[in-house]
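Here you get one chain, nothing else, as structure tokens; it is the form predicted alone.
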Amino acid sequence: MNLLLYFGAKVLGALAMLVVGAGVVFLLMHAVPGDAAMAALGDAASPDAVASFRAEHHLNDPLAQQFWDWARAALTGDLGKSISLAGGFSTSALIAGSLPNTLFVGGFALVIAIAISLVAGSIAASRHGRMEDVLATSGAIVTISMPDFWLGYMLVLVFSLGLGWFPAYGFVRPSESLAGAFHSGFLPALAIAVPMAGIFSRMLRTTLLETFRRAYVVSAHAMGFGRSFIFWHYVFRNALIPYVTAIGLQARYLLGGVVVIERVFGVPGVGSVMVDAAFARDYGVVQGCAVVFLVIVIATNLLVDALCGLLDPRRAA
């Protein structure tokens, strides 16, 4: 019962966060200089055409009324229509066509980052103070300091223009070819994953070293258990809780990296749609994309909470 109340409170908090986040994005978009009608019709549009466009799309309504109308429709799954980016086209359709690409690249990047960090962090902790630890720690510091867009260009320079192993620009949708999506999405995913892997590996190394010094681990050594047995049964699972939490906290930065990298590599994802819509002052599309990102971050945080509960040794006991 307590667990249900806990997750119920989490869900209510997530819904409140979603409403506040959508409101902040709405206000920020309307605070940016520029006119959506002029962006859609062009600078040569007549005043009558601009006035008619603004009236048709309710751009003259008070901001509170505009947000309320949008939120009320969004609750039914209607995110409105694009007014300039793809005039008259459904925002939901735009997002549905691009979201799988964003999720694929982001998920691919997360898998790569976790794989690298598990290996590097475990080696660094188990070989603490030795050459392997120094190399892993130094590599993590270097990768954390790399901007993902700069790393993306470096990867293109080496692996695309230099070696010709991967395409420099463009992306094959997973629905068209899964193998093609992995091939064309590897460099974008790697550019996002490398800085995250540095953060994850540092976190795992720190938590592993702290866990190695715990009293129950020292007692396990004194009882004669093997090092490998102690690592997997006493150390690793306990160290995973802060590690999984760190992964969840990086979800927002993962999405931010996806937005940038999609522009660098020409991935037709939600990030690219959102950037194009922002330049076009297409408020509804930006709002819809922002809500999708918020939902992903909130859902990830809820999943992390659930995983941490399952990993808690007290629950297993």
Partner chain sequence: MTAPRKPGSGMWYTFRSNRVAQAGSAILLFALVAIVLVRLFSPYDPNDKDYMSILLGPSLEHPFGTDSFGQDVLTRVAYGAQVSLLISVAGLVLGGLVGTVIGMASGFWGGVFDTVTMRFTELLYSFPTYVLALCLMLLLGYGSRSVSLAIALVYVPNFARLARSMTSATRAENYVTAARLMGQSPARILLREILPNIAAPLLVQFSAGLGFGIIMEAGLSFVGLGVQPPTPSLGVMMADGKDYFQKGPWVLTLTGFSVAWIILGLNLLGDGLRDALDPRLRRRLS
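Everything numeric here is computed off the predicted structure, so don't read it as measured data. Residue numbers count along the first chain shown, from 1.
The protein also exists as the form predicted in complex with the partner chain; that form is not presented, and the subsequent description refers to it.
A.B. asks: Please tell me whether any heavy atom belonging to L59 falls inside 4.5 Å of a heavy atom of the partner chain, as the geometry stands in the predicted complex.
C.D. replies: Output for L59 is no: heavy atoms all beyond 4.5 Å of the partner chain.
A.B. asks: Does any part of E210 reach within 4.5 Å of the partner chain in the predicted complex? Heavy atoms only, please.
C.D. replies: Yes, contact at 4.5 Å.
A.B. asks: Is R54 one of the residues lying within 4.5 Å of the partner chain in the predicted complex, judged by heavy atom distances?
C.D. replies: Residue-level check for R54: no, no contact with the partner chain.
A.B. asks: Could you tell me if I141 has a non-hydrogen atom within 4.5 Å of the partner chain in the predicted complex?
C.D. replies: Residue-level check for I141: yes, a contact with the partner chain.
A.B. asks: Please determine, with the chain shown alone, which of 67 to 75, 115 to 123, 185 to 193, 146 to 154 has non-hydrogen atoms within 4.5 Å of the partner chain in the predicted complex.
C.D. replies: Among the candidates, contact is made by 146 to 154.
A.B. asks: Within 4.5 Å of the partner chain in the predicted complex, counting any non-hydrogen atom, which residues from 186 to 207 show up?
C.D. replies: Contacting residues: R202, R205, T206.
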